[in-house]
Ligand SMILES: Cc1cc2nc3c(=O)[nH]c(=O)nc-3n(C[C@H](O)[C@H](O)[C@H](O)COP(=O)(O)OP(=O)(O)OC[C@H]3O[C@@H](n4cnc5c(N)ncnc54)[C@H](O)[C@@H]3O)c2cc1C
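Form predicted alone, single chain, as structure tokens, below.
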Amino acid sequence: MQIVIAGAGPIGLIAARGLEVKGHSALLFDPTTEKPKMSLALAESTLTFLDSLGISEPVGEDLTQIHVSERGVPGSALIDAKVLGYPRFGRAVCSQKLEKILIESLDGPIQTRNVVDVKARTAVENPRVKLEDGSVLAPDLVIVADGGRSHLTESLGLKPSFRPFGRSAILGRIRVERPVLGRAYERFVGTGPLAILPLCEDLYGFVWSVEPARAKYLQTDRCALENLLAAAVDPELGAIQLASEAVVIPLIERWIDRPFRPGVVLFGNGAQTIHPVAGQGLNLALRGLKAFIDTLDYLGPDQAVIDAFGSWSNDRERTRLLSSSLEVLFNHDGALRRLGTSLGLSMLDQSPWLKRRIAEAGMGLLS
């Protein structure tokens, strides 16, 4: 089967490798050679999928603990993989290191021509892919994996729904005085959730939800951002220093219920963009991609897409709800909410069953 993939981020690269392993021909197009530097939390299900494709694990740090707390509120919860019977929850890595390994795993090169238009399959012809030089391809299937800002989505008649959170995310990296091996943090600081991922040694990636005006200000004032982060992170990490320039993105949930047309399917942020603070966007998309590639073993491309999305839909909705709830619950600083958080964290810390459910959801192990 001949398949064209538009977009060579992690989703497109893994799709190409997965299809090659199954004996299909994959042509990968992306004119952008420089990708943004991101901190990624790869769930255990993602690592298992990569291993099945012969892709080695990128350099990073195994995630063995998740510490959940709120500044100024008594009570916290520590979710420990070994206590729950798992060696780890996943692995935190730099996106560039992952993409380097993925590119090296491919049989063919990435085509740097831009895909300017995609047409769905008709009763008489395959889907059509038009490139910037005017040439047209007619593969058996097109995978659109070029992100949530893709110009191809609306040309296919796919209308996303939007839910703005009225917030912005600040992303960057810090170095800490007292790193804790394998421990990630979900920290609530009155302005919105702050996620901190260990990458290697004393280097951590962070995603912090704040008001848009404050986010713009902090992006331009490195000293102010560093001071506020120092007051926001868990005190056990000690003093912190910014290790990268801050990136600001608006927090908007974007969703297409049925992100496919005959002969064309969307994966990744083009199909669904969810809140980043739980780090589940990439993992969720890869679980859907795996379901599709596996189903392609015994069904034609269009029916494989329908069946894969049907089996994946519960996971998709659940992950969307859980990711959004952190923002909804923790974007204000009311006394009652803080009291509820304190009680909730204490209950979580005493409940192995609830810890296991949260951990397995993040690992991609819930059916």
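Keep in mind that this is a model prediction, so the values were computed, not measured. Numbers follow the displayed sequence, beginning with 1.
In what follows, reference is made to the form predicted together with the ligand, a form of this protein that is not presented.
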Checklist entry - Though only this chain appears here, would F29 touch the ligand in the predicted complex if you measure heavy atom gaps against 4.5 Å? => result yes
Checklist entry - Would V305 count as a contact of the ligand in the predicted complex, using a 4.5 angstroms cut-off between non-hydrogen atoms? => result no
Checklist entry - Though only this chain appears here, would K159 touch the ligand in the predicted complex if you measure heavy atom gaps against 4.5 Å? => result no
Next on the checklist: My question is simply whether Q219 lines the interface with the ligand in the predicted complex - judged by any non-hydrogen atom within 4.5 Å.
Outcome noted: no
Checklist entry - Of the options P198, G268, G90, G288, which one has a non-hydrogen atom that comes within 4.5 Å of the ligand in the predicted complex? => result G268
Item to check | Listed residue (N126, N283, T295, T191) with a non-hydrogen atom within 4.5 angstroms of the ligand in the predicted complex | outcome: N283
Checklist entry - Among 295 to 303, 54 to 62, 29 to 37, 313 to 321, which stretch has residues whose heavy atoms lie within 4.5 Å of the ligand in the predicted complex? => result 29 to 37
Item to check | Whether R113, D146 and I249 all lie within 4.5 angstroms of the ligand in the predicted complex by heavy atom | outcome: yes
Next on the checklist: For the stretch 1 to 18, I need every residue with any heavy atom inside 4.5 Å of the ligand in the predicted complex, listed N to C.
Outcome noted: A6, G7, A8, G9, P10, I11, G12
